[in-house]
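One chain is shown next in structure tokens, namely the form predicted alone.
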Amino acid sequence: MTRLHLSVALDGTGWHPAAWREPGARPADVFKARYWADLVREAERGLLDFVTFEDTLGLQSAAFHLTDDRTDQVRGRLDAVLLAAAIAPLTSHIGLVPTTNVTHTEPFHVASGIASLDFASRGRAGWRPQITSRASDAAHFGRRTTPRLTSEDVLDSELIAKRLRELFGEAREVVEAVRRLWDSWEDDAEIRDAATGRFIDRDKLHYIDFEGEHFSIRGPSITPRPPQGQPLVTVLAHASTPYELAAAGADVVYLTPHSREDTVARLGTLGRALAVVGRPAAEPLKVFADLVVFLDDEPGRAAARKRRLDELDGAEYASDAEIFTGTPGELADLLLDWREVGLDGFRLRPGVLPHDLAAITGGLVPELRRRGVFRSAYEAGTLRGLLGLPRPASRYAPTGATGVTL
């Protein structure tokens, strides 16, 4: 049976806004590197494929499109790329996938940052490009304005995508420019020959001369080609426009279905997006589904825990992703049922950290292993290798050069 891929999305003290008030949570440590290192090492003990780190350009808010002045929820976060780089030397096998906002961040800086993370982690870096969904974030930079979503917009993911379509188009250009910058050094551009005094072969550094609707970049990158050649690019998609962003430039797409039937429908929408952008069949796109999870061994305990957190927060927690409350065995049933319709894996969002992460690694993973669908050891040294993706050749290398399987 084909192995199931499994990752976790780390954010604050967990995805429930009242998670920081749960016994066992560590709110005092949220801004300490040790806290995040402990979480990632726990995920690595569970042999997960990768972890993702959330990031934003404004303080968290209870509303998707507006800021708020609440003081009873976690506010503030560490820079995701810098955090992943700090954790890289403390881990050995698990992939590290930070989020960066591409609406207000230069592609050249993103490219060198993720490439540097790939070097720091010895080939385990990924990246999740994200557009800004709040117009107020633009005020932190003062260079531009962005569309302001209305309360009616946020009720429908297609309305959101329509209002932000230009930003998604810009993000598509960012991904393309970043990928070209990663290729701008050929793999053997560094000579390092002290006897002849030649450190690099300048003929193997290339101008990318990217010209898009929103910006132009000459290149080359300041950072040599990353160990993976192309670090993993992942995209969270809820509607047709972001599906096209994922289809055009991602290695992994995260969907947010709420049932098996909804999974089938979203896979169909993704298939249409793949056809629209004309993605070659030889370039695989791994499809993951997102789930918020509250896990406990005793039936009913996870649901009761969520209800208690809802009461503390003053509202029932809702999410763009399906919310699961139950036992590891029940979650394993759901994952394997949904996988049958065409998913490659799942990105789980722990409701409370570290409790629900430990329940994933200590409960769900052993259950999946007993069913013969999850690894018992890491089989590759790079993130692309863990997902069975080849190392691509640089587009600027001489014709005939090929990538290698990792």
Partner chain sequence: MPVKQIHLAAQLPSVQNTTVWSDPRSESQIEFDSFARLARTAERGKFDFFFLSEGLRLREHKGRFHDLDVVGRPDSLTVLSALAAVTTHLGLAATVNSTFNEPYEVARRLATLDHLSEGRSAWNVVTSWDAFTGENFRRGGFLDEADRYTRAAEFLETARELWDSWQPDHVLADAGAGEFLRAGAGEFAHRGRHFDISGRFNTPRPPQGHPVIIQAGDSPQGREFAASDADVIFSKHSNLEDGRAFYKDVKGRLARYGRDPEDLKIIPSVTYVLGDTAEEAAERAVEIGRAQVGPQTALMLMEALWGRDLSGYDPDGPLPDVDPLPDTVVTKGHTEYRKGREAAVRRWRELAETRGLSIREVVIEVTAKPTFVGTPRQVADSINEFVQTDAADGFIFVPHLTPGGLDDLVDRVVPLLQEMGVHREDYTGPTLRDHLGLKPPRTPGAARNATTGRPAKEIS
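From a predicted model like this one, the values you see are computed outputs, not experimental measurements. Residue numbers count along the first chain shown, from 1.
A second form of this protein, the form predicted together with its partner chain, is not displayed here; the remarks below concern that form.
> So which stretch, 268 to 276, 240 to 248, 194 to 202, 297 to 305, is the one near its partner chain in the predicted bound form (non-hydrogen atoms, 4.5 Å)?
Selected range: 194 to 202.
> Out of 155, 264, 315, 222, which one falls within 4.5 Å of its partner chain in the predicted bound form, going by heavy atoms?
In short, 222.
> Check each of 309, 81, 236, 291 and return the one that places a heavy atom within 4.5 angstroms of its partner chain in the predicted bound form.
Selected residue: 81.
> How about residue 109 - does it come within 4.5 Å of its partner chain in the predicted bound form, if we only consider non-hydrogen atoms?
Close contact exists here: in the predicted bound form, residue 109 approaches its partner chain to within 4.5 Å, heavy atoms only.
> Test of understanding: in the predicted bound form, would residue 339 fall inside 4.5 Å of its partner chain by heavy atoms?
Result no; residue 339 lies far from its partner chain in the predicted bound form.
> Taking the shortest heavy atom distance, is residue 92 within 4.5 Å of its partner chain in the predicted bound form?
Heavy-atom contact with its partner chain at 4.5 Å: absent for residue 92.
> With heavy atoms only and a cut-off of 4.5 Å, decide whether residue 321 touches its partner chain in the predicted bound form.
Residue 321 lies outside the contact set for its partner chain.
> For this chain shown on its own, do 259, 347 and 382 all sit within 4.5 Å of its partner chain in the predicted bound form, going by heavy atoms?
Negative, none of the three is within 4.5 Å.
> In sequence order, which positions of 19 to 34 have a non-hydrogen atom within 4.5 Å of its partner chain in the predicted bound form?
Those in contact are 20, 21, 27, 28, 30, 31, 32, 33, 34.
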